[in-house]
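So this first bit is one chain, no partners, the form predicted alone, shown in structure tokens.
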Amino acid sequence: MTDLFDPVVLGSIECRNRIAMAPCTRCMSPDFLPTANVVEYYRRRAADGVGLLISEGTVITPRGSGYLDVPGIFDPSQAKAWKRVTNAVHDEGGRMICQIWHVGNVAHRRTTGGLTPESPSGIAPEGHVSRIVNDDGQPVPFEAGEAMTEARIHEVIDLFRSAAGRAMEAGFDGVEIHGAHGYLIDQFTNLAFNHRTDEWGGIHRTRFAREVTHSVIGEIGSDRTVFRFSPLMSVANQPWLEAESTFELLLTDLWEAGLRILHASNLDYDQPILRSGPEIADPDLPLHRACRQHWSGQLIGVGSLDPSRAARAIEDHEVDVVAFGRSLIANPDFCHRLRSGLPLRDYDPQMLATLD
């Protein structure tokens, strides 16, 4: 029987258990540089025993930033700052991968340093930019961006590649490509935002995800590359259009690109969100079950899991690793509490104001 605390080799990353820290945006890295408080934040969780830490979203270019004070990995100074984090995590016996990120059209000139947001078709989503307000305290709406040219698409693919290489220089054990939650890669994948009629749209809408993944794997290897995706969960409140066909297109393209580690993200782990076909007696499937039907590689699962449901997911081989987000923000001693049978502290959004 497989247990939460059993070791696992994820690709070639040897993790002491099957508990991962999900990427959680903290906005505590001014000038794109992780501070000493960020070092200590991750170190505490590694010291507690978390097997794999996935960094908060780390931008590959200033134009890819949709939040203030997020970290970057596009400059040697940022790699040097991250090296303090990865050294601290490794000293505590943990492993850590860097989530590389471009937010696309859910940005604003205030978050990009004055640069125009870019996306597949220049379409602005409905809603407001996260965590910033105008001088009068009102939320800031998303603004129309710029449709990416063919040349710019290839430039951004190469930015993902170079960010992955720089992450390895910073001491990370691998990278996670952020292809989820309504950010740039997901915008290409989602027909709601990708209206292109060239070789990057329509039936080719998952090509950008495939080419980014292929480029990153070429830089650091498939055994150190993870891809995160989410058909339903989006900061722009826009799930995938044509979700079932997109799901199969994406997983096929990622496999052909060489990917072998997939991170399936949904707010509710057990929520039925995909239909697998008329031959299935109960065709409405949670994301992890749909992945197991279509994916032969390793799988990380996440989605407001409590410890008992997470333990059952591992025991039943639904996923290979379970990730916790808010629980690990609220509980730096998460693993200790699980081992000791102690209750977890409840998450409170006010906890985002500090790095505990």
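As the structure is a computational prediction, the values presented were derived from the model and not from experiment. Numbering starts at 1 and follows the sequence shown.
This protein has a second form, the form predicted together with ligand PHB, left out of what is shown; the following refers to that one.
Although the partner is absent here, Arg210 sits far enough away that none of its heavy atoms falls within 4.5 Å of ligand PHB in the predicted complex.
At a distance threshold of 4.5 angstroms between non-hydrogen atoms, Arg131 is in contact with ligand PHB in the predicted complex. At a distance threshold of 4.5 angstroms between non-hydrogen atoms, Arg161 is out of contact with ligand PHB in the predicted complex. Contact check for Trp295: every heavy atom lies farther than 4.5 Å from ligand PHB in the predicted complex.
Out of the listed residues Ala124, Val235, Ala243, Ile220, Val235 is the one that sits within 4.5 Å of ligand PHB in the predicted complex by at least one heavy atom. For the options Tyr183, Trp82, Phe227, Phe193, the residue carrying a heavy atom within 4.5 angstroms of ligand PHB in the predicted complex is Tyr183. Stretch 174-182 is the contacting one of 174-182, 161-169, 148-156, 196-204, since its residues have non-hydrogen atoms within 4.5 Å of ligand PHB in the predicted complex. Using a 4.5 Å cut-off on any heavy atom, the one residue of 1-25 that reaches ligand PHB in the predicted complex is Thr25.
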